[in-house]
Structure formats: C-alpha cells, structure tokens
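Okay, so here's just one chain, in structure tokens, the form predicted on its own.
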C-alpha cells in the first residue's frame, strides 16, 4: 500500500526533478488548466477587492484626517505588496487545490498510484512535479496580471469616486511603490502557488477510502493551503521589510 508523509513527498518530488526531469507537455497542460482557466475568476475578484480598498481608505481618511489625497499612494502600495497576490493565491487554493486533491485522492483509493509504482513510474514525478512547476509559473504570471488589474481598477475608482485625475494617481503610485515591491510580490505569488499542489497532492495521496474520504481530503487541502499561504505571507513580509 502506498504511504507518504509531507516531508517525503517534498523530498521525493525535488529528487525526481534532478533525476528524471520534468515533462514539459504535462506542465503546459496544467499551466493552461491552472492559470488561464482561473483568470476570469481572479480578474473579477481582485477588481472588487481593489475598489473596496479605495473606497474604505477614502472614507476613513476623510473621517480622521479630513483629507483623502494620500489614498492613491497608500492603496497602490497595499495592492502591490499584499492585496493582489494574497487574494489571487487564496482563490487558486480554493479552486485548483480542491480539484488536485480530489483527482489524486480518487487515484489513491482506486489503487492507480500503486499501479504506477508497479509499472516503474515514479508517482511523485508523474503526479506532483508537473503540477508544482505549473503552479510556480502560474504564480508569477497571475501575480503580474492581478497587480495590473488591481491598479487599473484602483485608478478608475479614484478618478470616479475621489475626483482625482489619472495623472495624480500615477504620480502617487510612482512615489509610494518601488520596483522591489513588485519583485517581492512575484516571489510571494510563486511561493504561495507552489504550496497549493504540494499540500493538495499530500492530502490526495493520504485520503481514506470512499467518497467521504475524498471529500475530507479536499476540504483539508483547501483549509491547509489557505492557512499556509497566510502564515507564509506573514513570514515573508517580515523578511522583506528588512530590505527597506
């Protein structure tokens, strides 16, 4: 019977990368499924998140400081450093994490993973590695897109609601946001999305028999991935803050 721990899954997956390489066709397939087919959900959600950020920041600054001229700058900094990448990653954890856990879990209880081992196929290289590489690439690409959509939405809401020009928003953006902010955001996106397939494949490979077992594995994968993303965001924020 196939058994695995999270540590052994991580080690075996990394070893298979150097020993057997990665199957490019599988990575491209999963990249299309994980990244581009999730793009519409991400665009809609991060747009509304950016709009709410602008409106709430303006309300509270007017309430306390009686001036909301700093909203574009502070909102841009929050969007690039935290909002876009975290919202994007949590959405992917819910959407693709559940799917990966269910797919791998079904393979586990139907003994397809044991069959792979009998055929001499490394299940970590076959199942985990292509999804991991695809998610790492998707994390970078989707972080760029989420940041761009968030900033565009924030600029439009600023122009519409705060009666400030687009030029004013861009000036505030350049003063508050540094190039390394974008770099750190891309690093976060890659690491956050890299967590999802590792956690999801682990729960899929350790799920209990039956439909209930697959359901519990799916739920655990989404919850655990979300918690890991939030905790890792806290750690990375502390680390990155030392570079300012």
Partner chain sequence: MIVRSLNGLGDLLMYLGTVLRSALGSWRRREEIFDKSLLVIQQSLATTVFAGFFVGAIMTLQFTLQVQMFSALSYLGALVTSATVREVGPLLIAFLLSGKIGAFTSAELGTMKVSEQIDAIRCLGSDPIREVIVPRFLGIIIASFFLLSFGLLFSFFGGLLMATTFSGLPWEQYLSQIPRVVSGFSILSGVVKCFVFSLVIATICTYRGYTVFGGAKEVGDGVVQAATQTMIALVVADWFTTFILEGLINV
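Residue numbers count along the first chain shown, from 1. Just so it is clear, the model here is predicted, and its values are computed rather than measured.
Omitted from view is the form predicted together with its partner chain, to which the following refers.
With the partner omitted from this view, the residue of 87, 144, 137, 156 that lies near its partner chain in the model of the complex is 87 [heavy atom within 4.5 Å].
Residue contact with its partner chain in the model of the complex: residue 36 places no heavy atom within 4.5 Å of it. Its partner chain in the model of the complex is not approached by residue 15, whose heavy atoms all lie more than 4.5 angstroms from it. Using a 4.5 angstroms threshold between heavy atoms, residue 55 counts as touching its partner chain in the model of the complex. Interface residue remark: residue 9 is not counted as part of the site for its partner chain in the model of the complex, having no heavy atom within 4.5 Å. Taking its partner chain as positioned in the model of the complex, the residues of 98 to 136 that bring a heavy atom within 4.5 Å of it are, in sequence order, 98, 99, 102, 106.
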